[in-house]
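Single chain ahead, by itself, as structure tokens, in the form predicted on its own.
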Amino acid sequence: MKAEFFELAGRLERALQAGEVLLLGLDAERSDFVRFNRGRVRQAGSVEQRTLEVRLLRAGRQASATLELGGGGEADFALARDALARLREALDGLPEDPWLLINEVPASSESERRGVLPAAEAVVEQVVDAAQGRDLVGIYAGGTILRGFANSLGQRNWHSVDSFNFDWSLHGPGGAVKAATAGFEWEESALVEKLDAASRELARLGVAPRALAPGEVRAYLAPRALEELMGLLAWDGFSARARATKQSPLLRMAHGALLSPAVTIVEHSAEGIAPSFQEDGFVKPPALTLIEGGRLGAALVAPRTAKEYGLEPNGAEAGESPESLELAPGTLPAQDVLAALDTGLYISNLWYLNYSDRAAARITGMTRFATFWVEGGRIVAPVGAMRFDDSLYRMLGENLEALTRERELLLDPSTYEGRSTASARLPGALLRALRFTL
């Protein structure tokens, strides 16, 4: 596919007229999808798709078209050539784009990360065998994600990565336990281990639930719960535009507010699923420190933001959200979490998060799935859904007691239009107190 894409780019470049600049972006994948219900296959299929974005620039103007490729060779070239002709006509009636900025210094790259993924049939057999006697619901998505970029200035970029994400939950009379198995190498033993752990949690949900009054409670946030916090924080928290327009939820950090010294957050592009380049041709650094030791670090700067506010772009996409976020590990062994928590809430998942006071980085949300009351380092009862409302400066600041030594790789399970390339590698977080309102 790489050779075909670059050949197509070369042929289109030769069709350009004086003063025109061409940018091409390829989003493609070869993926297997399997849906499970009650531990059995409900739906299975494979997808191979190729989406091409064609952008034509001339005299500060730009126009673009998105094409679905499929014929290959001459058929794809004819489709793209016709789109190029239509874009050329459209440019005549468009105004100049004042914030248009592309990379004009070619920075070519190639990255291919091969994984160890069995055939979908083997995955199905292993999941069905491991799930026997359990009400398992989930979706497996695995295969190769491909991204390409080319422009008429001579730049060529290619990204190919094999990965999988099995997002699933176990259900029983007392509720449900949610988990996932994801990465670059499928391991049946890892699936069995997680299924067994989820089964033990599911059994604990059958005990009479404990009702808690609103107030501050000692709490442990498992990596999947912490992922929800990080996901909300990524919404403008690290955006250069949000900082410039004073809309960042971390604005107080720009004026001296601090998080815990244990908090270091990095956009680690070299270790993620996402490509190291973006649609305007700018290349991301291998790692960009967004928060270091509790202090505000670099911002994600997209090209249009850079042009408008006089900054240097650093490969961020237009939304200026991290795609390969990592929170540095702590020193607490995961096996000692319950003992360290002693008495308090063990929270597996959060959901419905939003800002209750954006300027103060105050967040509200609900507990979800397996949440347990712990006494003396032992789980004694499940706890129903509760609403928390607390400041990030408390949760990841003064009330952060420890982060776990082990971290979990969590891939975004979204498949709308295509498999997402967003990921997070996160520890669990032990909090001295978390404020609940309901």
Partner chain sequence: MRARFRKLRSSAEFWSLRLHAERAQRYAMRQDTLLPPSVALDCGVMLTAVAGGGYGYCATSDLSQAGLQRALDRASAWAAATRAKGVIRFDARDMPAPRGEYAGPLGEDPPSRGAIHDLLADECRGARIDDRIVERSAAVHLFEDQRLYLTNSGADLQQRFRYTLPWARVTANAGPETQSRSLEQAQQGGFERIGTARFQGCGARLADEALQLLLAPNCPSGTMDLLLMPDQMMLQIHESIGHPLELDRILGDERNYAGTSFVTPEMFGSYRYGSALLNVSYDPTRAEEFASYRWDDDGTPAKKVWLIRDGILVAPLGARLSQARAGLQGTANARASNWNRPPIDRMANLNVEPGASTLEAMIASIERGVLMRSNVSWSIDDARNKFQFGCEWGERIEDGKRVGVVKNPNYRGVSATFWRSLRMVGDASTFEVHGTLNCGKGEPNQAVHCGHAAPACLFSGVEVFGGG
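Source: prediction; values computed, not measured. Between two forms, the rigid core is the largest collection of C-alphas that superpose within 1.5 Å. Residue numbers count along the first chain shown, from 1.
The same protein also exists as the form predicted together with the partner chain; that form is not shown, yet it is the one meant from here on.
Check your understanding: Picking from 145-153, 70-78, 108-116, 321-329, which part of the chain touches the partner chain in the model of the complex when contact means heavy atoms within 4.5 Å?
Key -> It is 70-78 that comes within 4.5 Å of the partner.
Check your understanding: From the list D336, E193, E216, D97, which entry has a heavy atom within 4.5 Å of the partner chain in the model of the complex?
Key -> Checking each option against the partner chain in the model of the complex, the one that comes within 4.5 Å is D97.
Point to revise | Contacting member of I102, V207, M366, A287, with respect to the partner chain in the model of the complex [4.5 Å, heavy atom] | key: Contact residue from the list: M366.
Check your understanding: Heavy atoms within 4.5 Å of the partner chain in the model of the complex: does A65 have any?
Key -> A65 belongs to the contact set for the partner chain.
Review point. For E408, is any heavy atom within 4.5 Å of the partner chain in the model of the complex, or not?
Key: E408: no contact with the partner chain in the model of the complex.
Review point. Is there a heavy atom of D357 lying 4.5 Å or less from a heavy atom of the partner chain in the model of the complex?
Key: Yes, D357 sits close enough to the partner chain in the model of the complex that at least one of its heavy atoms falls within 4.5 Å.
Exercise for review: Please run the contact check for S169 against the partner chain in the model of the complex: heavy atoms, 4.5 angstroms, yes or no?
Suggested key: Although the partner chain is absent here, S169 would touch it in the model of the complex, with heavy atoms inside 4.5 Å.
Practice item. Would you give me the residues of 316-349 that have any heavy atom within 4.5 Å of the partner chain in the model of the complex, in order from first to last? Key: If the 4.5 Å heavy-atom criterion is applied to the partner chain in the model of the complex, 316-349 yields nothing.
Review point. If you line up the core, does P118 shift 2 angstroms or more at its C-alpha between this form and the one not shown?
Key: Result for P118: yes, a 2 Å-plus shift.
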